[in-house]
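Below you will find one chain, with nothing else, as structure tokens; this is the form predicted on its own, and questions on how it binds or moves follow later.
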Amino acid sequence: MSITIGRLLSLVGITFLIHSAYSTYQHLSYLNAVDKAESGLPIEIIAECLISVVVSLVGVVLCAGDLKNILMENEMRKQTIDKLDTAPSFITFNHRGRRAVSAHSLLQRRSHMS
């Protein structure tokens, strides 16, 4: 239920934020058309922008899932030693073992032939 309310609040907040941006553009265009100096934005536009940001923020917070603990002990309890002790960066497949195995098999073939 709170996720639905959060999405609705986020949508309403973003809509009003876009509206305040458009109102700002209209106000500045009007000032430019009548050749008036920029005297700042009207308080209504500033209030609409700030309220829409707060409403959007509340919506996003309501949409977010539950927070997880940041303690490492909780995560370490879930891990096995096999997962913790693996270091794939140290695994190499281009090593002398291949030559040793081929030399061993060659010696075995020679001993079977004689």
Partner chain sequence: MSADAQGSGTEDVHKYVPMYMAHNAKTMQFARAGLAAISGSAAGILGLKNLYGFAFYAVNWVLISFLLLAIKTQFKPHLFFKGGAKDIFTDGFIGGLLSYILFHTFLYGLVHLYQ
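In this text, all values refer to a predicted model and were calculated from it rather than measured experimentally. Positions refer to the first chain, counted from 1.
Same protein, other form: the form predicted together with the partner chain, not shown, and the subject of what follows.
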| query | finding |
| --- | --- |
| 4.5 Å heavy atom contact, I81 and the partner chain in the model of the complex | no |
| The partner chain contact at V34 in the model of the complex, heavy atom, 4.5 Å | no |
| Contact flag, T15 vs the partner chain in the model of the complex, heavy atom cut 4.5 Å | no |
| Heavy atom within 4.5 Å of the partner chain in the model of the complex - qualifying residues of 21-37 | A21, T24, Y25, L28, S29, N32 |
